[in-house]
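Given next, in structure tokens, is a single chain: the form predicted alone.
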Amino acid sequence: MSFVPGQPVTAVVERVEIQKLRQGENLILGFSIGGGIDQDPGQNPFSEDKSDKGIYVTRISPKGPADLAGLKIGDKIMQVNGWDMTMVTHDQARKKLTKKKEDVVRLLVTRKSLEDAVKHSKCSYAKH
């Protein structure tokens, strides 16, 4: 997905709902993030054009809450519980994901395989 600052974003998204795992006082999501508007997008292995400052999933704990919910490494997080995540710092994203009073995190994510599937279906449909 290419992104031009100031222009509308069109993306194929999937809803992912993660039930946090309670361990004592901690609520565990089971994944790590990278990216943010304050980070170097050239270091983001999931950005195709190396200019995307979005928030990406960089690690998933096997059999953890995120894994069980279907989150994938490389997913770009577009929203967290209705909050726009396309123009946030890394720390702002982390805080939105780890709110203590929220047992469930509802994400809108996009991933390359979703976009490829839609492009492929459009091409197939056009041939008929």
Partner chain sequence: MIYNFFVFRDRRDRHRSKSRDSGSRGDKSVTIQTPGEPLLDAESTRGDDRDDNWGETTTVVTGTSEHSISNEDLTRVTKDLEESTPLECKRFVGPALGGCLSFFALVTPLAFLILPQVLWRDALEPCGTPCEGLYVSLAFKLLVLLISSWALFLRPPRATLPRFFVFRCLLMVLVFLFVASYWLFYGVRVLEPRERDYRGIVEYAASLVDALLFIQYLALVLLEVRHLQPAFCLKVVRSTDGASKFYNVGHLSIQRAAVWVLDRYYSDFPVYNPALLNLPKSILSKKMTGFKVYSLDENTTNNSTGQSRAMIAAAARRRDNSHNEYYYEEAEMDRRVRKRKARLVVAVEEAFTHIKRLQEEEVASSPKHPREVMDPREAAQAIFAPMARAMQKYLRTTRQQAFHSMESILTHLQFCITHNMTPKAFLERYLTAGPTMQYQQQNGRGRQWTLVSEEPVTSALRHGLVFSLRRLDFSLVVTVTPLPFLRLGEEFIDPKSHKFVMRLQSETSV
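All figures in this text were calculated on a predicted structure; none of them were measured in a lab. Positions refer to the first chain, counted from 1.
Another form, the form predicted together with its partner chain, is not on view; read the next lines as being about it.
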Problem - Contact test in the model of the complex: residue 92 vs its partner chain, heavy atoms, 4.5 Å - result: no
Handout entry: Partner proximity in the model of the complex: residue 79 to its partner chain, non-hydrogen atom cutoff 4.5 Å
Key = no
Exercise for the section: Tell me, yes or no, whether residue 39 is in contact with its partner chain in the model of the complex, where a contact means a heavy atom of each within 4.5 Å. Expected result: yes
Practice task
Find out whether any non-hydrogen atom of residue 85 is located within 4.5 angstroms of its partner chain in the model of the complex, and reply yes or no.
Solution key: no
Completion exercise
Across 92 to 112, the residues having a non-hydrogen atom within 4.5 Å of its partner chain in the model of the complex turn out to be 94, 97, 98
